[in-house]
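Take a look at this one chain, the form predicted alone, written out in structure tokens.
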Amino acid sequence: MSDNMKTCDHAAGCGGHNHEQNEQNEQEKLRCCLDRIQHKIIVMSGKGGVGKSTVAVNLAVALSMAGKRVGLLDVDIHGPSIPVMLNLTGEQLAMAGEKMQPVSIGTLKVMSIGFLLRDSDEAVIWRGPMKMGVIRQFLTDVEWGDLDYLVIDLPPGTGDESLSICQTVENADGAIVVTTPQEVSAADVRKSVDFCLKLDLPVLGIVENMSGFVCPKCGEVTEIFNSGAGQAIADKFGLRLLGKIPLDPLVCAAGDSGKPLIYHYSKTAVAKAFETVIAPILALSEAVNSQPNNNKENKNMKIAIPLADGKLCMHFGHCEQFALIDVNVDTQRVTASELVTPPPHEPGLLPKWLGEKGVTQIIAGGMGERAQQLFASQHINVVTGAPAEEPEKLVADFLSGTLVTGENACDH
């Protein structure tokens, strides 16, 4: 073998080694970034035009309003709508050393390909490998810092971008899958659920958007599409229906003006429906915070359920009894339970009373917004919209992630 051939072989070996080393470095950068993010939530749908980005924006804003450190990542390369929906069109990204700084709104950090385009009407004409590279850079080369939640808004369908992000974020908490009531939408959305199952990505639940029309004059909700697709998908795959979001002209107005509905129109039926959707997602963080792994005693959760005639009472403040159920979070087993009679109903009394009893989680049919805020101040998480079932079944469904919740039965 000639010296030249030996040199070429040696060079090729070095090139292969360098490529492998670079890949290892990139994997380490990705791991370091993801390790600083406590919860990763993917919002997806097999169908375009179902309001997926609306759900992602309002979820991220609501989590931020709850005091969480939140990132919102727009992975829709060809149709980025997040900048418009948050009134961030024209914002420019700053650099911090070698990393890009996401655009911030309070404690909410936002990243989108829209911030990198010279013109909002500019088309992005890229092939798959370039898109995959940019998506990876959105995670590794953006200074997300320490986050409680990263909400990732995927493009429609189950193509390259969706596959890339789901494989890159290996330890995601799961996906929220958005549909509308019609079968033409549900057929594609079922493919998204199947996509998640094949990738071993947990499905946190289904959201049925545009579920009935809210009259802007009287507030009555009228079914204008076939209804029930969200529940049908949830039933087919054994999933949770997180909520049904009615169609309201304010949703369009909020999206076009860059004013998140859940913040600017918090008293509307749509905002309250979003609160129902968000509660189980917020519970992910609250559960972790109330049961740190280094404290064995704190691995126990005490759940309170208001009762009437042995089943969940839909009117929280006027129940006959409370079932207080202790569970071990690791084993998901009930360790103790008791029935207690609440004190005479007075505004603001129950949060303190249940807090003194060590309650960390409430499963309720209905609860007013102010009451939920009072419970939050006692570090007690609340899930509303639960059905009138026996407490044992509600707890079992809650622990297994199959508790089906509907609308908050209380509107005050």
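Because the structure is a prediction, the values reported are computed rather than measured. Numbering starts at 1 and follows the sequence shown.
Quick note: we don't show the form predicted in complex with a small molecule, though the next part is all about it.
Q: Although the small molecule is absent from this view, report whether residue 54 comes within 4.5 Å of it in the predicted complex, heavy atoms only.
A: Residue 54 belongs to the contact set for the small molecule.
Q: Taking the small molecule as it sits in the predicted complex, is residue 252 near enough to touch it, meaning that at least one heavy atom pair lies within 4.5 angstroms?
A: Flag for residue 252 set to yes.
Q: So in the predicted complex, does any heavy atom of residue 343 sit within 4.5 Å of the small molecule?
A: No, residue 343 is distant from the partner.
Q: Is residue 81 close enough to touch the small molecule in the predicted complex, meaning at least one heavy atom pair within 4.5 Å?
A: Residue 81: yes, in contact with the small molecule in the predicted complex.
Q: Would you kindly say which of 209, 192, 112, 185 lies with a heavy atom within 4.5 Å of the small molecule in the predicted complex?
A: That would be 209.
Q: Name the residue from 169, 278, 100, 247 that puts a heavy atom within 4.5 Å of the small molecule in the predicted complex.
A: Looking at 169, 278, 100, 247 one by one, just 247 meets the 4.5 Å heavy-atom criterion.
Q: Heavy atoms, 4.5 Å, the small molecule in the predicted complex: which of 28-36, 41-49, 60-68, 356-364 makes the cut? Say which one.
A: This holds for exactly one stretch, 41-49.
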